[in-house]
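Consider the single chain below, provided in structure tokens and representing the form predicted on its own.
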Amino acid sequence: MLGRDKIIELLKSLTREAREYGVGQAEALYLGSHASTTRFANSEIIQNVKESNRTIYFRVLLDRKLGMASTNSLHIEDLRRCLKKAIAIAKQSKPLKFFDSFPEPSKYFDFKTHFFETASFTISDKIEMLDDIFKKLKSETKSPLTLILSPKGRGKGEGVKAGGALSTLETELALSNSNGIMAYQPFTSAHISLITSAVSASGFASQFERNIKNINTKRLLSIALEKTIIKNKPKKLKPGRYTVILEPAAVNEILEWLVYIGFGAESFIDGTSFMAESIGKKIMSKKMTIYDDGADLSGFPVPFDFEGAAKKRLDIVQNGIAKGIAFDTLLAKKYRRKTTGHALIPEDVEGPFPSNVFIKAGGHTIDEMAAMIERGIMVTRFHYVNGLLDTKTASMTGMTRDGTFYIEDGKIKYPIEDMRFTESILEAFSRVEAISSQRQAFPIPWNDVGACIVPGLLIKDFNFSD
């Protein structure tokens, strides 16, 4: 890491220099990251990857003309060249009559978001952690009493193998603008996804933490194995509508798509979002509350967005009623709104998006939710989800994966073959019967410093198609 003092002083000097070149306002954003990922399959490590990147983004405002440029070089001459490029772009741009200023300074919450244990976790440490998982897996499945599916039917547990990935990430985010903003925050995160697989069954578990010391590999292995070690061959179920329990990983796959197609200002303004023309209207069950809050300590807090606006709570869906959309300063000024603090990096043309998204917890355990079901399906997670079928109704399709089970009289009876769902998520979320009290964190694909925090959902008449 470069550290606060070094980065802020560099960004301040560059914004001062921009003013000397005659621009009205200038902004310099620094984003640095060091990522490390160890992948494994068949209970063996197959790849170690490390990646480091440092990028400085410049935005300048010249007579209401906006220019942007970026560089991943920190050499002062390269930075000056990039700054001059942003100015040249601004001079050639059309004036934005509505845009007169970058954000003003504001007070940020003080969070601990960087943990030495994660930042200093080496590849050797990852190998040791994964080797421990492999040994525990072998110990758990070597007993002759452990039954799993094998090519000939039932057999011993030696056929269960582990696959997945273990990643750590260290990020520095800093920003300075000519209005007086000086913002800096370091972050760490650790994520493990674990799949245990036999010939005809697989199980999944994951954990996402700021501090890697909080990852509980014994618990993760237990969760994944419970879905893998089975006594019955998976059965095929007919397509149709079933009461389902979507575990948090399955809910997260859907929520990511809802954010992308519906919760950002771009899709709202162009009318493709299911939120367009729906603010103040009921679009989901009254049990459903979805919000974004970068200051919520139960998630992955972030003090400010990528243009220095302070984070605050944004109610997106409240008790089933559509409430709000994520804006950055540029779109907020264009449509006479206030920024909600959700700007992404300047070159992200699809933003702004919520990046600290929560679904409000309910009051049930997953087991209690299962006990409510006479006949239904439990889904561990989805994959190959396509959320672009019809963005106005949030219609999506995808496949179940790594543990799909039939429930009868409140108990899991047997595994079933993976099934395709095709469903309007707005309609499905209008049929939510219960929400779990326990929520789980997941990383988001469009931002290194955010997270989704989601519970499990019990939904009636969820549609599985051919």
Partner chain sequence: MTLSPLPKHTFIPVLQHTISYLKKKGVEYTDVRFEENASEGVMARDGEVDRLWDNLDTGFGIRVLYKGAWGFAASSLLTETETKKMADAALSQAKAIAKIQGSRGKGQGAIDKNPPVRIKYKAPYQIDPFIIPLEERLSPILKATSLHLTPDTSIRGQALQKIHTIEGFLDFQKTHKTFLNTEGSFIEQEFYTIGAGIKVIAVDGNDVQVRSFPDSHNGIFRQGGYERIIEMDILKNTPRVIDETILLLKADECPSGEKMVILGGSQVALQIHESIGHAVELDRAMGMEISLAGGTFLTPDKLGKQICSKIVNIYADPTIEGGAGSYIYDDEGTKSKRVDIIKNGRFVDFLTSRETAKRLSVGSGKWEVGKKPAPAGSKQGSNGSVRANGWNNIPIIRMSNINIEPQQGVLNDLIADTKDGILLQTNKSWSIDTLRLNFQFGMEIGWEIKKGKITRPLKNCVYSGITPQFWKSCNAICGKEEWQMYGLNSCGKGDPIQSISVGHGAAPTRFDRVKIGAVKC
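Positions refer to the first chain, counted from 1. Treat the numbers as computed from the prediction; the structure is a model and nothing was measured.
Here the subject shifts to the form predicted together with its partner chain, a form of this protein not shown in this document.
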Practice task
Please check if residue 64 has a heavy atom lying within 4.5 Å of any heavy atom of its partner chain in the predicted bound form.
Solution key: no
Problem - Contact flag, residue 69 vs its partner chain in the predicted bound form, heavy atom cut 4.5 Å - result: yes
Exercise for the section: Would you check, heavy atoms only and a 4.5 Å threshold, whether residue 395 touches its partner chain in the predicted bound form? Expected result: yes
Exercise for the section: Flag residue 89 as yes or no: does it have a non-hydrogen atom within 4.5 angstroms of any non-hydrogen atom of its partner chain in the predicted bound form? Expected result: yes
Exercise for the section: Quick one: from 310, 269, 321, 199, grab the residue that has a heavy atom within 4.5 Å of its partner chain in the predicted bound form. Expected result: 269
Practice task
Could you tell me which one of 181, 259, 229, 195 places a heavy atom within 4.5 Å of its partner chain in the predicted bound form?
Solution key: 195
Problem - Which of 284-292, 181-189, 364-372, 73-81 sits within 4.5 Å of its partner chain in the predicted bound form, heavy atom basis - result: 73-81
Exercise for the section: Report yes if all three of 137, 234 and 408 come within 4.5 Å of its partner chain in the predicted bound form by some heavy atom, otherwise no. Expected result: no
Handout entry: Interface residues of 394-426 toward its partner chain, as seen in the predicted bound form [heavy atoms, 4.5 Å]
Key = 395, 397, 398, 399, 401, 420, 422, 423, 424
